[in-house]
Structure formats: C-alpha cells, structure tokens
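First structure 1, then structure 2: two forms of the same chain, each alone, as structure tokens.
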Structure 1
C-alpha cells in the first residue's frame, strides 16, 4: 500500500466515523429524551422553573461535563467530599438530597445532557386553574373520602397538610402544606404523574393517578398553601391532655355550684315520710 492510498483510506475512515458519530449523536439525544422524562422530570424542568430540584436549563453552560457526570452519578459523594458548587446547590435546596443515578453509564448521562442542552421539550403547558369543585374533590381524594380511580393509597396515609378541612395525616413523608410554593403546580403535577421518590413510586406503580385526579389534587394543594395562615395548627402536643384535665375540673366546679341547693336525700323522701306518718 503506497502513501496515497493509505491517506485516502484514513480520510474516508475519518469521514465515515464523523458521519457515524453525528448520526449516533441524534439517536443518543432521542434516548436522552426518554431517560430524562422518565427519571429526572419529576424533580427537574428544562426552562419551566424550579421543582424539587433546580431548573436545568443552561446547566451544561454553568457546569463542566466532568462535574455533571460526577454529580448526577452521586451528588452526595461530591457534597461529602466538599465540592463547593455541589455544597452550594445542596444548601440552596434545603439539603434535599438528589438520589444517586448509579444505573446510568457515562454515555447514558451524556445522552441526557445532550437533551438538556437542546432545551428539552420546552416548558410544559400551564394547567387550567382549578375550580372550587376541583379543590373539594382534591381534598376528598387526599383523605380517601373519595377513592382514587385506580385504587391507589390516599395521600394522607403518608402526608399531612395543615388545613381545617383535613383531619391529621401521616408523618411518613413530608408535610405538603407549602409544597405548592416550593415546587409549583407543574412540579406537583409531574410528581403525581411519575413519583420520583421510591416509596411513593411503589405506592402508585400499579395504581396510577389519573390526569383529572392530579388536577384536583394540585388545586387542593394550591388552596391549602394559600390558606395556610388561617388554619389552626394540628399539632396540639400534650395541650390536649392538659386542656382535658383543666376542663374537667372547671365543669365539676360548675356542677356543684348549680346543685348547691340540691336536697340531701331522694326527692320523694318527703312524700314517703308523710305516707308513713299518716298510717
């Protein structure tokens, strides 16, 4: 093989490789779309604002690829190692840990980053505002007064909200009173569509929440958040016991006062005595 043919082979090879990699590039971005929407979208938007985690629009400009690969695989390892940027976002998000994405290879994560760089699918369309009927239904679904259509567990078996219309809820998961402020309506909707938290995901895997139910629940949580300042706190602690004992003492006092002139014997004792005497 002379030098000229070697050169030609190399050029052709490089061109082929380039075409091939470009082609792979678009195929990868398509895969990134699916991975992002099934794993990340519950917590992150691309240009739709904060959810559980930061809006990822422009993150590929803010951070290096090496940093992103490391962070996405295990943000906690990076935070524990004291990486200043990782510690900073962690603190900004009230120390909410992002789950490790150990299931993804570098190539998978690069697919996802490619999708993020492309702007994702754009922000999700805004939901129609909830009607009073939606809010009422949402409250009933939250407490299990109305069953979820596909038989999923009522939210208050794990979550609590501070609202006078709701009798206490579970403490397994976060209080949702202010979740609307924290993650927004689209964020709550995304979480209900595909819960990014293992415990909650397991609860609805075979019992998905329908879009109508999601709309009602989002409306209810927005309402709870708006009215939170007007609600009585539900955590009475031992005030309830002390209050009970105190009220009992007060009532006993009132009863004895009201009955202070009561007759020492039975009411018909006088009649009985008279009867006995007349005989």
Structure 2
C-alpha cells in the first residue's frame, strides 16, 4: 500500500469515526429526551417555570453531578439523612416527595442531565387549542358520566374543581381548579400519561388514561382554570338537609298507608279481657 492510498484510508476511517460519534451523541440525546419527557416532565420543566417541582434549567450548574445522581435515585434517603440542600428543596415544594428513580442507571441519569444541560431542546411546542367537544368530554370523564376506556376511577373520586358545570368532587387529593396555571398543559398531560404520585400511579397502573382522554381532560382543566373567577363554589349542605327531610316525609306517608289496617292493640288483649270478665 503506497502512502497516498494509506492517507485516503486514514481520512475515510476518521470520517467514519466522526459520523459514528455524532450518531451516538444523537442517540444519547434522544434517550435523555425520551426519559425526561416520560418520567420527569410531569413535575419539572426546563426553563418553563416551576411545576410540582422546581424548574431544572441550570440545575447542572447549581449542583454537582454526584449530588444529582444520589438525589434522583432516592431524594427521600438524602432528606432522611439530613442533607441540607435536599431538605431545603423538600420544604420549599410543600414537602411533596419525589418518587425514587432507582430504575435508572447512572448512565440513564447522565443522559437526562445532558438533555437538561442542553436546554431540553427548546420550549415545548404549543398545544392545539381544545375544542368545545374536547372540553365537554373532559368534564364528563372528570365526573365519571363517561367512563374511562380502561376502567380507571373518575377524577372527582379524589379531586375537586370549582366549576358550575360539574358536581363537587373529593377532597382526598389536591384541588385542580388552578392546576393549568401551576403546571401548564404539558405538565398536566405528562402527569396523566405517567402519574408521578404513588397513589395515582397505583390507581392507574392497570388502567392507563388514553391519549384521547388525556387531551380532553387537559382541555377541560384549562377551561376550568380560565373561568375560575366567574364560578361560584357550590354548597350542597342545604340541599342535602331539605332532601333528607323530604324523603323522611315521603317514607312516613308510605308507612302510614301500608299500616292503615293494623290492629289498634295486641291480638291477645281481647282474649285476656274476656278471661277477666268470666271470673
């Protein structure tokens, strides 16, 4: 092999190596993107402001990689151990526990951190506005008027929203009237797609919410948030009392009708009276 041929071979090899390295970098970035959006985006944004947890823009500059690896794998372990930074974050965000991410390897977490460091690929694309049909379906799904396709519990089993168009909901979990303001459409959709909260995760583990249902619920909650200032919180107390009194009156009427031919006294009273007279 002459020098010219050898040079061409080396150049071609270097070019192939460069292309391969670029492809690997793209694959890692895509991996970090997928992992972040499937697991982290429900509670965190990258430059989009606070959600359930802090905005992660610049977190790789504020914290060391070693600290972030430990915190992401088990924030509660660090909090219980008294790590001051972990305790501070926990207290600042209403003591909402971050689920452990022990399923991620160090390499997985580093992929996510690289994605965060790169700015997360820019702002999330704007969501298409919900149609009136989406909002209507979302309200019906929220209340359980229309059942979720996979059989999951209706949202108002645990959550309440202030809206004149729906009945009051449960108080086991957070009021969702302003959830769209707090976490945005992307955040709400991410939470519905992969719930980050242990109770919600268990509730929908075998009954996931479909993308179509998620879109409708996001549209409904956006509409609720937008109209919240014009709504009057419903008080069902007086209605329940009046309903109870009315039902009691109806039942008493039915009982009186059913017992109208009843004996005025004990059956054996007449026999007893005759025995007394015969003596």
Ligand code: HEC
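The structure displayed is predicted, hence computed values, not measured ones. Whichever C-alpha set is largest while still superposing within 1.5 Å between the two forms counts as the rigid core. Residue numbers count along the first chain shown, from 1.
Only structure 1 matches the form predicted in complex with the named molecule. After superposition on the rigid core, displacement of the C-alpha of residue 40 between the two structures amounts to 2 Å or more. Core-superposed comparison between the two structures: CA of residue 72 displaced by 2 Å or more. Here residue 135 does not count as shifted, since its C-alpha moves by less than 2 Å between the two structures after the core is aligned. The rigid core superposition between the two structures gives a CA shift for residue 91 of 6.3 Å. Comparing between the two structures on a rigid core frame, one finds that residue 256 has its C-alpha moved by 26.7 Å.
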